[in-house]
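Single chain ahead, by itself, as structure tokens, in the form predicted on its own.
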């Protein structure tokens, strides 16, 4: 069989029960030899062989539309030929450079700074971290603690910032924390602007963004119990929390509050950054400027790991060697990242994100008439369908799992997230074609409408 990259793939095709026999063999070997912490193959029981664009093929020959894309890493799809060429060319030049300056690193940083709002470019500095978003979150928190001389951090319910010991402390997911005693102290959780699950049980019409008012009272009350924090950490669209976009009023009032009190605002753009929501960074859509921007996943566009923080130069008070990491000089990722920005501009990829996002909106919002669909929401090419029992309102985790399984059997890979994994999530490539989106939406709608608990 010719490699997938050499064949034109226009539609999914599943020719056997899942997992197929070869996938089942590899999955069984994985279970014997790999950590119990593995996740994706438990719900998506396939073994991958090759991929191109929006499609992947498993070892049994089944072809799937991939709307997981490496958890949002593959912004231009699998094996984009121009990114592959840029990485291949860099392989023969230099692959690892620690934090030494190199021509391709300089180009990469220039490309990233050029994507910031004009008002931020000249006052922004960058720090390259270890290769994951969690590494960058830890670097951002450390930076703000050093710069302010303070130790507490404010974060939000429903947020996800990583699985390391420190980032887990900032994450709302209780099941992840429960088995790990002695979490990092000084973390304070506040309500996020998720009106569908308002902790005060207010309707959007009577809310007046009480979640920000509550935070303001807590931070300004001399008997409020919380010292002035070193930073506030925020996702503008909670990804793992169920694709929950923050309201504009919430974000703008939070920015005004943190600025008034002199608290650095860290915006976690690990998943929303690099065009995922229709602008290069999601914060642009809210009309704010954060003090620290955290980016990782899609910086290279091809899955070659890299992470960095972009921050106001006024915070650059740490000493030489204050935060280091062996894999902060990935020249292959730099080369791919430079090419990715060029392709974004040339091909109007951000415009495609907005157009395909509108297409998904039009295809999926009619699902709101389904009794088990509680909400359909998203920004750009980051969407979630929240499922809940219509009688009790409880999260319908089993139904979401069944939808994910039915979609896979029809040739579509989707993810789950949110409370009790009741939100079916999609993260398509940002250059995905309209016909692929149409096919994927048809599969997903059918997977929801053909049955419920």
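Quick caveat: nothing in here was measured; it's all calculated off a predicted structure. Positions refer to the first chain, counted from 1.
Separately, the form predicted in complex with a small molecule exists; it is not shown, and the next lines address it.
- Looking at 118-126, 155-163, 343-351, 324-332, the stretch with residues near the small molecule in the predicted complex, meaning non-hydrogen atoms within 4.5 angstroms, turns out to be 155-163.
- None of 90, 132, 258, 304 but one reaches within 4.5 angstroms of the small molecule in the predicted complex through a heavy atom, and that residue is 132.
- The contact residue chosen from 381, 270, 282, 140 relative to the small molecule in the predicted complex is 270, the criterion being a non-hydrogen atom within 4.5 angstroms.
- Using a 4.5 angstroms limit between non-hydrogen atoms, residue 235 touches the small molecule in the predicted complex.
- Among heavy atoms of residue 297, some come within 4.5 Å of the small molecule in the predicted complex.
- Interface membership of residue 291, defined by any non-hydrogen atom within 4.5 Å of the small molecule in the predicted complex, is ruled out.
- Contact check for residue 240: a heavy atom falls within 4.5 Å of the small molecule in the predicted complex.
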